[in-house]
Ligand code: MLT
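Only one chain is shown below, in structure tokens, and it's the form predicted on its own.
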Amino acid sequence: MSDSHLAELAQHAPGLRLSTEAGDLEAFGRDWTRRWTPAPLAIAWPTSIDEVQAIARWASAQAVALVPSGGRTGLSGGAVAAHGELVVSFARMNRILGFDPLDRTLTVQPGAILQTVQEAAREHGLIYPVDFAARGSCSIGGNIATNAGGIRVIRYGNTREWIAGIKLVTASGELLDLNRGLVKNSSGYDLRHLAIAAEGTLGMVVEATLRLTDPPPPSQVMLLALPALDALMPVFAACRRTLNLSAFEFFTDRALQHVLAHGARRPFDGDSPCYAVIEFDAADATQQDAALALFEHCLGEGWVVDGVISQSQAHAAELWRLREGVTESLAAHKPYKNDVSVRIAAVPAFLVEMQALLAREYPHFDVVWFGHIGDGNLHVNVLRPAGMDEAEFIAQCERVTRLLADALARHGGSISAEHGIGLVKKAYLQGTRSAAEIAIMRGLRRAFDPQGLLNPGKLFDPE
């Protein structure tokens, strides 16, 4: 691809910012996986739907592959451009476009940062409830591309539940206005939901209308120390019976050690193998008393050995940091990550099998667990031992991932809970999807993108 072809693109979109600077290619050609050497053709920063359509039409005419790019916080290689693709960064399409008080919706551009969206909703006395630790850097477009979940799925569900409408630019440059914010719309296939979790392979999200909701009642956060991993599910069941839960998260002692080393404060004396962070409604004394009674019950049953309940918003944030700070505390180690899910009912048996598998296969590795027990989503982070070659490390981890994928298949789980398939997990897609499902997915992709130009190589290899 010559400079003249990029000049032609610039003619089609005169105001479009383009870069072939080495630093930009490096930064925007990869995501948090850091496993592929970025090699994009160039980076484009559109500021309007018209410019995105111009990019798509040019790419279609020139047969240039496109990689949509948001906050690049993904962990599956979904935003990697390693084979001469044009990266379409939505960093400059980041505005809040409008609020509708009757529909209680917020319309935003795809590059809008999740935290900015949350703050905009609060200005109108409402909330956008999807939330996770990367809120300050991830974008709405990326959240839609992977159907992101996060820490409050128990109460609010995944991103999909909060998308009232999407504007999507297809590979040919056509603009689709999907669902248009309607609450009821039984007029055939809902292409909006096909685009959600499609990882940019069916089109580029250029606008989203988000549903908002009322703020939750006042809450408190409880941190519990558990004597063993098998106490997690009894504690969760007791909490779900007794409290109105917003979140039920867990992390291991190894996760805690990394977060403490990263600057967090130890919550109480002593060490335990496992911890649970629970957020629950605490609007009145009755609810607060119920939480104390629950804690005492769990102590009496031997499921809990220590605990603390937040006494202020600042204290609650301190307790949440112990869970939310795990990923950041591990970032410098470039961990190999697994993001898996099973049905909540299958969690106990799967935890037993996974714990034995990881202990057997990673006897000398630092393995850090955390996750969203309340929705069956577990995150496994494997840190490379000092002195081990990176290629050898990844090869060992891939071998264990194949074993983990087999275990997931036995328990009816998924190799990707909330980060997508991307490049990292496509070899394991067949463990989650049947051959018939994958064939239909391929057919849908061909219908939206006959040339295979949108995020090629992601989800599955070209036929």
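Just so you know, these numbers come straight off a predicted model, no measurement behind them. One-based numbering along the sequence shown.
A second form of this protein, the form predicted in complex with the ligand, is not displayed here; the remarks below concern that form.
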Spell it out for me: taking the ligand in the model of the complex, does every residue among 30, 69 and 83 have a heavy atom no farther than 4.5 Å from it? no
Would you mind picking out the stretch of 154-162, 369-377, 205-213, 297-305 that comes within 4.5 angstroms of the ligand in the model of the complex, counting non-hydrogen atoms? 369-377
Quick check on residue 258: any heavy atom within 4.5 Å of the ligand in the model of the complex? no
With the partner left out here, check for me: in the model of the complex, does some heavy atom of residue 89 sit within 4.5 Å of the ligand? no
Residue 147, heavy atom within 4.5 angstroms of the ligand in the model of the complex: no
4.5 Å heavy atom contact, residue 327 to the ligand in the model of the complex: yes
Contact residue in the model of the complex, from 254, 135, 104, 337 (heavy atom within 4.5 Å of the ligand): 337
Heavy atom within 4.5 Å of the ligand in the model of the complex - residue from 117, 168, 235, 75: 75
Residues within stretch 412-430 having a non-hydrogen atom within 4.5 Å of the ligand in the model of the complex: 418, 419
